[in-house]
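Here you get one chain, nothing else, as structure tokens; it is the form predicted on its own.
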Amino acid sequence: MSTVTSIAALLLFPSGLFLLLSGLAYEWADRKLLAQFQNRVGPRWFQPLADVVKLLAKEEVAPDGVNGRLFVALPIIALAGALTAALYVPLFGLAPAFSFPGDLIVTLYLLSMLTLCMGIAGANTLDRFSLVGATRALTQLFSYEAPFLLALLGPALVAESWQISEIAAYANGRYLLLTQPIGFLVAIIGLMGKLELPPFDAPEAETEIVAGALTEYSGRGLALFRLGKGVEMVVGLTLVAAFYLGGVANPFAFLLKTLVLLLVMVVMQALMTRLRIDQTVGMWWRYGALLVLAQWLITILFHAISQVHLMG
């Protein structure tokens, strides 16, 4: 019976199908809130699901000059990476499906697979818009990855663990947002950069390069990439909420805190215009990582001082 329960948990709830639907729901909330801030109506509640179903039903056209196997495999790998990362995260306020020492590092790199696959997908085609989008996507990946990683390692530093479940347990009831505000801000901006949300949407700027790296994708491949981005949004919001907002001990706390974070991200999207790729790369790589490292130093000093006082 335990085997059946484990399979159901992986395929239906809390992972698998429910996670895919949650990603679509958070995508709808993001689009709807942004539309309201821009004095638009926005999509109806079922629009993201309808879009995915429509794409899955359409024919997938592979353009000339691409590696066919790579063209088909990359969307599958991208979605698989995001779903695998979800196994180690306390989704919906529940305990992670799997947990081991160091799973935080593995999870962060699994979350990078989506952008990496999108970059390779764009580079696999001969289309100029796809090539430009791939170059921007990979450039932005290397720029945001280090600050985002350092921002989530801040709570791990004070919790003295690299295991997500242990860090979340330490942060439960402790709002590390108050003691590590720079790390929190960097984590939010880094997540927006990973998801390529405005103002960090240069890799898929529709007014410049159509759909960026995914210009040549249609049908099933485009649907899988969209599902992967939705799953990555849910996982990323869960990590930030669990580490910085006092944990996600139950489904209500998970829903409340992740939606608050989503609202903050939407406000930033509405207030800021698109940055050029050189602006996002130069500014964020230089200052984002340095600010987090400075906060690390302050945290280590305060921890050392408190240890000295306790020993004295």
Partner chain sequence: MKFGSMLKDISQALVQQPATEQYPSVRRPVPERLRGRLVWNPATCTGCGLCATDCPAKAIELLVLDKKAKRFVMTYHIDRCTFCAQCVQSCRQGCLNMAANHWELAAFDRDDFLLRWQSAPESG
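Positions refer to the first chain, counted from 1. Because the structure is a prediction, the values reported are computed rather than measured.
Keep in mind the form predicted in complex with the partner chain is missing from the figure; the text below concerns it.
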Answer range among 240 to 248, 40 to 48, 22 to 30, 64 to 72 for contact with the partner chain, defined in the predicted bound form as heavy atoms within 4.5 Å | 40 to 48
Please run the contact check for L255 against the partner chain in the predicted bound form: heavy atoms, 4.5 angstroms, yes or no?
-> no
A270: heavy atom within 4.5 Å of the partner chain in the predicted bound form?
-> yes
